[in-house]
Each structure stands twice: as C-alpha cells, then as structure tokens.
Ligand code: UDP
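Just the one chain here, laid out as structure tokens, in the form predicted alone.
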C-alpha cells in the first residue's frame, strides 16, 4: 500500500506561548507529537501564541505565531462559569488562521481545552480534531464535548480512560495515551537521592501533601515547576520546617530529567482528576519510582508494586508509608514500562491512526455541510 503524507495543522493552547511552561503538560505533548509525526513523514504547520519556541528536532515545522491576549485557563474558573474570550484574545485569532490554512490541509488538530474550536467542529468543512487535555473541570465544556461527540465521535481523542469517563460520552472514547522523546531521558539507577515533586505550583496539584510526607520523613523535597500561585507556594513553605522544600523552578526537559533522575522517588499528589500525568512518565523514564494518589490518569500509568505505588486519594499517611517502600521497586522496570507504552513513536502512531480513521468517516459526519 502506498503512503500518502498528511498535511496537518496543529493549534496550540492559547493560555501561553510554547516554551513558557504556562501550557503545562500540553507543551510537552505538542513537542513529542511534532517529532513523532515528522518521523512518520507528515507535513506540520504549528499555530501558537506569539513568543512561542519549538524544541530542537522540530526545524521542519512551519511555526506561525499569533498575537493577542492569552486565554484564561479553565483550571482556575468556576465549574458552572461561562465561556470567556478576552478582548483582542489570541484564541479567535488562532482559529481564524487555523480555518484559513485548514481549507487546504488534511486535518486541523486542536490542543486547547476551549469552547470555540469544539463549537466550530460541526459548523465548518475543515476537518477539526481535538486531543482533550483535561477532565470535566467545566460544566459548559463537559456538555459541549458530549454533544458534539455524539455526531463527531471520531474527532475526539483522550489521554486515558479515566479522563474520558468525565464526559459521559454516548460512544466508546478513543484513547491515544501520550508519548515522550526517550532520547532526552537518561536512566539513573541511583536510589539514595532526595524526594521529588514536579508540577505547576497551584492548589489543585496538592504540593502540601508531598511536603508533609517529606517533613514526616525528615527529608528534603525538591520542587520543580512554574509558580502560578505565589501565595499558595508561601503557605506550603510556611507549613513545614525551613529547608524542607528546595525550589528548583521551571526547567527544560533536558535539565529537569538530569536533576529528577537523582531522586529516589517522585511524589504525585493531584487534588483533581489529572487527564494523564506527564511528570509520572518523565520520572519513570529516568528510572525513578512514583508514589501517587490513585486519582485520574495516574491510576492508569503506575503498576503498583512494580513501577511505584498507588494509594487512596488524600491519604497522606499511606503516601508516607509507600514512600518508605520505594527501595523495593526495580528502577529498570520503570524505564521498561515507558519504552513499551509511552514512547514518542507509539504515541505518534496512535494519533496518526486516529486522524486517518476520522478522515475516513468525515463525509458522513459533514454531509449536511458539504451538500
């Protein structure tokens, strides 16, 4: 069978420019997928907020930067709040260009958790696909995704089954997982280092629980990530003895994995249903076992007793006891899991299959628009 490369438009999250860290795990997902799709021979155009940069290995991508006011994240909004678009917002400007370019492309893939592109899906001839990056944190988003997916199910993909279950879909959801460029992660078999925690510094990430564990064990907790809520960060630091938390800031993938690999365990403490859990896989790629709450996506990533430990959500004592057992975990087994289930190549193939399937059923879904 002959291979026909696809012309794909990728549309980034409008909450921040690529490379800033404001996009959270979506930024890493985008960079991994770009590399994977390029390796499969596809042509990629990337639309992203002004100031965005792509990592090495993405030089073949046509990066187009769009100016405008960044979109507020749904993570910090009321569950029943309305959809908002700031005056001169970057979101509609991204999608104006996406529709223009999408008229001559095979597919437009949306990475933003936003109302506008999903609402557009049944209303335009361009073939819009959505990789949903969060769970059901907003009522209006949950209902819109559910309703549009009723007729356009092939246009939606999710990272994990637990994430997809938030949306009460009428059809079986398509799960693509996530992927990582494993050439950027070094296996570290040292199991005597400090404890680590990675994520945006915001209340929904539960840093205070990891800090409490470090305090109980009289250990250091290295913390990497962008401080989104400085008042929250100060409260957490004030709640533990001085020197317990060592703030490391937001790092590039190369720098993060170099430091993270020296940890004896990563503690993961989400207070909400994470869609996936990139930092869990990043840690395991370095050989670092993960102790996490069995909530959301992390519950599908950790093989308890093999690559780390899962504990009941919000049970800090169980978290502590499991951290004390991480020496039972074979660090090589952590790396092996990532190579089998979360490599860049595996992820890109899942996404390619999703797009090709969606294109096959495109005519029947859009027949009322095309006629």
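Since the model is a prediction, treat every value here as computed from it, not as a measurement. Residue numbers count along the first chain shown, from 1.
Note that the form predicted together with the ligand isn't included here; everything after this is about it.
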item: Stretch in contact in the predicted bound form with the ligand, which is absent here, among 292-300, 92-100, 239-247, 220-228 (heavy atoms within 4.5 Å); value: 220-228
item: Complete contact of 256, 274 and 277 with the ligand in the predicted bound form (any heavy atom, 4.5 Å); value: yes
item: Non-hydrogen atom contact residue 264 with the ligand in the predicted bound form at 4.5 angstroms; value: no
item: Proximity of residue 198 to the ligand in the predicted bound form, heavy atoms at 4.5 Å; value: yes
item: Residue contact check: residue 130 to the ligand in the predicted bound form, 4.5 Å heavy atom; value: no
item: Distance check, residue 251 to the ligand in the predicted bound form, heavy atom within 4.5 Å; value: yes
item: Of 28, 316, 342, 46, the one that lies within 4.5 Å of the ligand in the predicted bound form (heavy atoms); value: 28
